Every structure is written in C-alpha cells, then in structure tokens.
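Given as structure tokens, the chain that follows is alone and in the form predicted alone.
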C-alpha cells in the first residue's frame, strides 16, 4: 500500500502544533508496518534556511492552471526512513520567514498547493522523477490547508490513473476552516462544488467543509473529539456536515514517539530516570529546573508547569486568574513556556511581576526546555476549552508529571481522574468548568495530594509513566481506515508491500 501524506507541516522541518508532530512521526511507523508512506509539504522559507543543506533537487515541471503556468520545483530528503518531498513555486512557497501568513494570502497559497500536489502525485506516478513509477493508493490530507484535494480527486476520478486512488482527511483543528474561499477557487479554475449538502448548508466556499464531504474517509485525533464534532460547541458551524458523514468518521488517538520521548535516555534532562527509579532520581531534575528559572530550590514546594500556546483555545485566559489565587494562597511555584496572543502573554507576565520569587515566564518556545519541564515539574496544567487530542498531557505522564486538565477531547480520553483515595485509579486531576475557580480549586486539590498523600501521588506517577502512548495501536487503526477508503473506490484490500528505498 502506497500512502502520500499531504500537509502544511511536518516536524522537524515545519511545526506549529500537533499537526506537525503527527505528520512527522506517523509515516515512519507506517513504513515499519509495511506501508510505503511518503510526505509532501510546501518548502516554507524557514525550511530552506534551516535544512537547505539536506535537500536534493528531484525534478521540475511546468504546472498550468487558469491564472497561468508556474514552475514547480520538487526537492527531497529522508527523515527517519521516510521520503519527504518539498514543493517550491514562486511566489507561493520558498521564501519568507513564516509557515503561515495572512489568511487571504494563505487561502490562495494552499489552493495552489492542493492543485500542485495532485500534479506532483501524477508526476511521481509516471516516473518523471527519474525513479520507478510511484502512484499513491491513498492521499492522506490534513486540515483545511489540503482539504480541497479530496474534491480535486473526485473530479479526476474518471480519468485514467486516478480511478482507484482513495482519500482520507484528518481533522486536527476544526476551528480553522479556510472560510470564504469562493473567489480564490474561481480564480484558480476549481470547478463548482455541487454536492447538495454543501449547497444546502452554504459551505461550498469552505475548504474544510469541502474536504469533509468529498473525502472517502475521515478521522479526528481522539475518540472523544469525534463525538464532540457533531455538536455546535465544537463543530464550529460544520457539525451538520459531520452528521452527514457520521458513518465515515472515526477518532484515532495520536501517539508519541516513545523512543525519542524517553526519560531514561533523554539528553535534555539533568538526570535520567525510569518508572523504577523516579522516586529517588527525578528530584534532581526539579532542582535543576528551579535553578534554571531562578526559583528557590525547595523539594516541598509543588512546581506547576505550563507548556502551551497562550491563547483562548488553551484556556490560558481564565487559567491565569485561577493561578493568581493559587500563588497567593499556597507555596506552589509556577513556570510557563509559550507564546500566543499579546493580551494573554501580558496576563502571564503580570503573574511574574507580582510573584517574581515563585513565578517565572518564558515567552517563546524551546523544545529542550519543554522536555526539562516535563521531567522536573510536579504537575502540568492543561485547561483547554477544547483539545482535539493534545500531546503535552501524554508527555507529562511519560515523564512523571501529573496533568491537571479540563475534561474535553483527547484530555478526557487520556487522563483518568484521581479517586481521592489511595490512587487505585487515576493519572491526574480533571475539572469541567471553564472558570478561574475550577482551576484554583483543582490545583489546590493536586497540591494537597502532593503534600499529604505522597504514596497516592507516586502511584499515579508510576501508572502514567508505564502507559504505552506509542503509535502501535493508532497505526493499526490508520491502516484499517486506508483499507476502508480503498474499499469505497472499489479496490478492496490492498496488501502491504515491501518498501523500496527512495531514489
């Protein structure tokens, strides 16, 4: 089975969140299971600057569409055994210093990318890249940036070479949809979208909505979120289309790279540890983290960490108010790593200004620092208003920090609430209401447990560290999804094949 991932991001080349993590890790696991998975992403300016010495020019072709003909340059490299293709075409991709720009320009850019991606798949299938012909069986697209591709495939379905290709759309974040793209679609020469559900619900110009209707199969990144998408609170206006495609939608929980994210071997940590040794060794990471943030090195002071985008979706606006109470009422310490809306960054900075001896804020992102925070903090706060999956809570548990989370999406699927007793069950602390008081009282509950029920606390730490958050189960679900998508286009089961090395 040949699967081409088509996305806007892929870690480590380009990443702003979970989308980049999934595209960066899932294809490698699929290849180990016999799926010939490859990835196509835009050659964003930052990729060219940071990874240019790794990229090899593969081929160039002229791509014609209504606005004119563009030269498309394809570069390639290999990442964790996965062939990765990068698309460069002026003026859309290859320059600038950001992955995303203004929405108006991004709609035009990613409509072009979707059209050109179909052309790249065809060129690969014809062997025009100088190697053996490689035509994908499945186009696996992600979020609104590439959600037009299932429609383009639908339009090409009766052309020789495309009739047996299936499409799968993964929804990572329903809040971003590529709205009001009608004019851009017309300019690009994209045919009209005449599905009655799109017309009836006035979504013919919504790129994500188009993908939801035309993809052969759909998934989102946790079972709970697959249910949530059916309702207005999380469906973001597309819940009607989700109901239409209900039988084709599944929730598949994201996985972690368990080898890379391993406290026994992680070089970012001051001292490595495992679930067997954390009771004696992990404390050194907390002390090192307190020293790094210029906090008092106190083993008895609960250390709360936040590793997050500082935006409303992540609940950081109401969490900041709850944290203010916690800092005023307890001896807890706080460290924050993230960037986002200036107003919420300001809220976090005020906590540092008012409680500078026990609260520190790092505006920005630092991957190694994030790992040290997972490995040294006592608890991680994740108060998201909605969270399709979330990886930080899984990373926290993997590294022995107990998550304090709001009950939504993937957070509800992964964190088991403490039983408030001997911890016969529980891997963290869960609350429901999107209010400062909920954050305040749940953190105080966690702090009280940390101080007065150490045996229960450590049982939860061990339980979380021993959970296998890897891709083994999710990858089987993705292979089943691909098989179901292929069955819809009449191909039935496509066997897994020996993977050839990329040319």
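Positions refer to the first chain, counted from 1. Because the structure is predicted, anything quoted here is derived from the model rather than measured.
Another form exists, predicted together with adenosine-5'-diphosphate; not displayed. Remarks below refer to it.
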Inset, instruction - Counting only non-hydrogen atoms, choose the one of 367 to 375, 194 to 202, 88 to 96, 400 to 408 that falls within 4.5 Å of adenosine-5'-diphosphate in the predicted bound form. - result: 367 to 375
Inset, instruction - Using heavy atoms only and a 4.5 Å cut-off, decide whether all three of 154, 161 and 485 touch adenosine-5'-diphosphate in the predicted bound form. - result: no
Inset, instruction - Report whether the minimum heavy atom distance between residue 390 and adenosine-5'-diphosphate in the predicted bound form is within 4.5 Å. - result: yes
Inset, instruction - Check whether residue 423 has any heavy atom within 4.5 Å of a heavy atom of adenosine-5'-diphosphate in the predicted bound form, and answer yes or no. - result: no
Legend entry - Partner proximity in the predicted bound form: residue 109 to adenosine-5'-diphosphate, non-hydrogen atom cutoff 4.5 Å: no
Inset, instruction - Look up in the predicted bound form whether residue 385 has a non-hydrogen atom within 4.5 angstroms of adenosine-5'-diphosphate, and give yes or no. - result: no
Legend entry - One residue of 73, 358, 287, 309 in contact with adenosine-5'-diphosphate, assessed in the predicted bound form (non-hydrogen atom, 4.5 angstroms): 309
Legend entry - in the predicted bound form, the residue from 238, 337, 332, 118 that sits within 4.5 Å of adenosine-5'-diphosphate by heavy atoms: 337
